[in-house]
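The chain below stands alone and is given in structure tokens; this is the form predicted on its own.
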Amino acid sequence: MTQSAGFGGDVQGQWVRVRGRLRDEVGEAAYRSWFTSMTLRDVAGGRVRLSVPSRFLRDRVAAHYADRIRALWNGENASIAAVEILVDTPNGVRAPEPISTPRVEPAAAPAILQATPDILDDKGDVSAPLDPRFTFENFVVGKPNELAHAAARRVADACVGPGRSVPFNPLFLYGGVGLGKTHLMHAIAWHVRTQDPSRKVIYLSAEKFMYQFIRALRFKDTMAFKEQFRSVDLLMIDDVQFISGKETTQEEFFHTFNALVDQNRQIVISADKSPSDLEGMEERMRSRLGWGLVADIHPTTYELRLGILQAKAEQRKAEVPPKLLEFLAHKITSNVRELEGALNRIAAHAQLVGRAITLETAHEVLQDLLRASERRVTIDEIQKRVAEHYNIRLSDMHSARRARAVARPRQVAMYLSKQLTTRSLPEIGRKFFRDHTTVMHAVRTIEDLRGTDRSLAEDIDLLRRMLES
């Protein structure tokens, strides 16, 4: 490969094309934010070295884009196996900054994201990359997630301990978006890989599992696919609800699941709903998914959100006033991703603009997010709350059952969806597998009944307060 002293035309051309593809993929706004200040230092020995002006930029690119940059370089030159991101120090000397990753050997982990078997299965690029931030050490435990965290630790320890037992199979984690399911799955994988590198671990989304299966069918290579997935020590499938309604993929997953259980191999699965509430999933599959331990990750409490913000601020070495952390914990209640995103935006603004982090700054920088958080009730949340209140299954919200004990709560949920969200009648109807005229009828019915049925009126007032709190 051409050395980059002065940068040969070949190397410079590759860099221009990589930046162009990166701009197309991430969009102009993100490109301007994270990549315009990035410079090419050198390319040698299958390694690309890039530099950015601050540690903040370096951490952001390393966490979210370094693996993609490596893939784009590899597409330009097959000899590229690694990308290293450096930080320009104030005196102009570029110094490497180690990526904060769990140790993979007794020696310190290299500050490089590489195309090595570190994140690949023995037979190809099957396992998804693991986020170096998602470890047990970085997971903040609170009442809403303590069961899921304890179960994940137990599974991780059992996979590498003497005898390598399987405490519960599968471990099924479920909860809303941004509550920590993926973090715990990555943490399990990191723990197993660092404590016992000989263990074969595959972590991927259900969507990628389906893609790999379809690819095997297309190339008539199903035997290799089966061998690959049924010979692992630990299989982790994220967002399993994706294969709902996809019968052929479910059939293969069912047989893979059974084969691994028969061999006493550990399975960890995540979804946005419990096994019994997964619509479009075969009954036998729902039964298998509920065999082991089903752990719900509940929405965050104020105390947990504050603890997460404190931990994130400490990791970033950002001096954030306690009152500001308390403000964010009170205001941003949707999920942990938005909470962390808000903190990142405030810290980035302070670092890039050179202004102190204050409550006034937060209001200015986060005005769109704070405005959206003022009143954000989702139809999914309404359905869940109403189902819990009336002690019916969540799936009854979508079912064809017309029994009064099910139909009336469903109408209440439709009524609250109209009152508490900005969704149109057709949009609400789709969430209940009905048309808009059914929603209109439900809204009129509940409005009429509220004036005559005191018990129903109290139920609705209670549900509304719970949803808006």
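For clarity, every value in this text was computed on a predicted model and none was experimentally measured. One rule holds for the numbers: they count along the sequence shown, beginning at 1.
Another form exists, predicted in complex with ligand ADP; not displayed. Remarks below refer to it.
Note to self: So ligand ADP isn't shown here. In the predicted bound form, which residue out of Arg355, Lys317, His363, Arg337 has a non-hydrogen atom within 4.5 Å of it?
What the structure shows: Here the answer is residue option Arg337.
Check: Using a 4.5 Å cut on heavy atoms, which of Ala224, Leu217, Ala150, Val177 is close to ligand ADP in the predicted bound form?
Finding: Result of the distance check: Val177.
Next item on the list: Have a look at 245-253, 193-201, 287-295, 304-312 and name the one stretch with heavy atoms inside 4.5 Å of ligand ADP in the predicted bound form.
Entry: Only one stretch passes the 4.5 Å heavy-atom test: 304-312.
Item checked: ligand ADP contact in the predicted bound form: Asn138, any heavy atom under 4.5 Å -> Yes.
Check: Closest heavy atom of Asn77 to ligand ADP in the predicted bound form, within 4.5 Å or not?
Finding: Asn77: no contact with ligand ADP in the predicted bound form.
Next item on the list: Considering only heavy atoms, tell me if Thr182 and ligand ADP come within 4.5 Å of each other in the predicted bound form.
Entry: Thr182: yes, in contact with ligand ADP in the predicted bound form.
Next item on the list: Spell out, yes or no, whether the shortest heavy atom distance between Phe134 and ligand ADP in the predicted bound form is within 4.5 Å.
Entry: Phe134 belongs to the contact set for ligand ADP.
Next item on the list: Pull the contact list for 144-159: residues with a heavy atom within 4.5 Å of ligand ADP in the predicted bound form, in sequence order.
Entry: Sequence-ordered list has one entry, Asn145.
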